[in-house]
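Form predicted on its own, single chain, as structure tokens, below.
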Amino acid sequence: MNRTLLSIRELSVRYSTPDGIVPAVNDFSLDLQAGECVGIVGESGAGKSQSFLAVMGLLPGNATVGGTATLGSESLLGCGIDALNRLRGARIAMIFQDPMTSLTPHMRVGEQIAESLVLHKGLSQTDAMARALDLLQQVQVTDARRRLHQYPHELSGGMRQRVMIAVALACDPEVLIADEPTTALDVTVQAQILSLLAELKRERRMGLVLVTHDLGVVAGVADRVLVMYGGRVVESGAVGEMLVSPRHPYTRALLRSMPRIDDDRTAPLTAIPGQPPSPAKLPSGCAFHPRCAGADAACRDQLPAMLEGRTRAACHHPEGAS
């Protein structure tokens, strides 16, 4: 029987700026099950990272967060820094796009992994370092015993990302949030990291959130996909349905802009016209309407409701509608 690990309801993020209130995330909801991977996809500025930085309590002081987020029976929003520190790293963890800025440059790799084990598990430094070595081996760091005593700058980008994963997994968290974990890596290393995350998810029955701008990244890893645009989820569903029969024009446009190894056509890829909207100046109605060839007056004037179907799509004219 599936068990819900992370439940987010009607999450909103607002920033107070000299120019007024800027809405970064609107009405974001998600249930993440044990052993499940959910991909969060969209262009820069869509609200993907902001949603989960809010859940982790990592937003700056000018941010206001609404809605609810619970990890099991524990509330993550508004629970206070002491409660958050007890949960972060121990039960929910996050890895980031650039490990060079996330790892502490003056601490050896083993010390950084051992730190959370001492803090959350009460291990001695000796036992924590032994566990750190085991974790480096689990994430397939070569020559792990030597790497344990090296500094982050002495490792390659792929090795640093593996160290970040080891740090995040040290206390066996129930939920792992991976925010663009492969963007800075070459294609071969990217595939290795994604394969590693998928394997760890299966072995540990961990809930995995994979935040990315690339639908291709989630194709072989995610069970479900949420597509975000203009701070909102515009389509969600099983990964197979989303990749083969998407209903929202933005999701279809994303897929048309991607190269496919199973397509021998010589026609150029189709770029999405225009630019993603600024959260400070969102269009009226459907935020995608200025870039959508099928937009009409309803799209320009009215925010679309989320409609059920083979996927859930927030569109006035979803593909396949009767």
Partner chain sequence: MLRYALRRLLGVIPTLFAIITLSFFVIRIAPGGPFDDEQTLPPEIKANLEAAYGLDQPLHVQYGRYLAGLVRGDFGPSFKFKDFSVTELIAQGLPISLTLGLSAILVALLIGVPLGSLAALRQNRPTDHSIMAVAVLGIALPSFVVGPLLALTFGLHLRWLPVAGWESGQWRYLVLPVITLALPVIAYIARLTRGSLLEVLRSNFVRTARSKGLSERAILWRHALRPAMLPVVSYLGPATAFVITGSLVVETVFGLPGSGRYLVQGAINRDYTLVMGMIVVYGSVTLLFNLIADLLYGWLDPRVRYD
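Residue numbers count along the first chain shown, from 1. What you are looking at is a predicted structure, and each value in this text was computed from that prediction instead of being measured.
Although it is not shown, the form predicted in complex with its partner chain is what the next lines describe.
When its partner chain is considered in the predicted bound form, residue 122 lies well away from it, no heavy atom lying within 4.5 Å. In the predicted bound form, at least one heavy atom of residue 88 sits within 4.5 Å of its partner chain. Contact annotation for residue 53: at least one heavy atom lies within 4.5 Å of its partner chain in the predicted bound form.
Under a 4.5 angstroms non-hydrogen atom cutoff, its partner chain in the predicted bound form lacks residue 145 among its neighbouring residues. Distance criterion of 4.5 Å from any heavy atom to its partner chain in the predicted bound form singles out 98 from the list 134, 98, 127, 172. Contacts between stretch 112-126 and its partner chain, counted in the predicted bound form as any heavy atom lying within 4.5 Å, involve 112, 115, 116, 119, 120, listed in sequence order.
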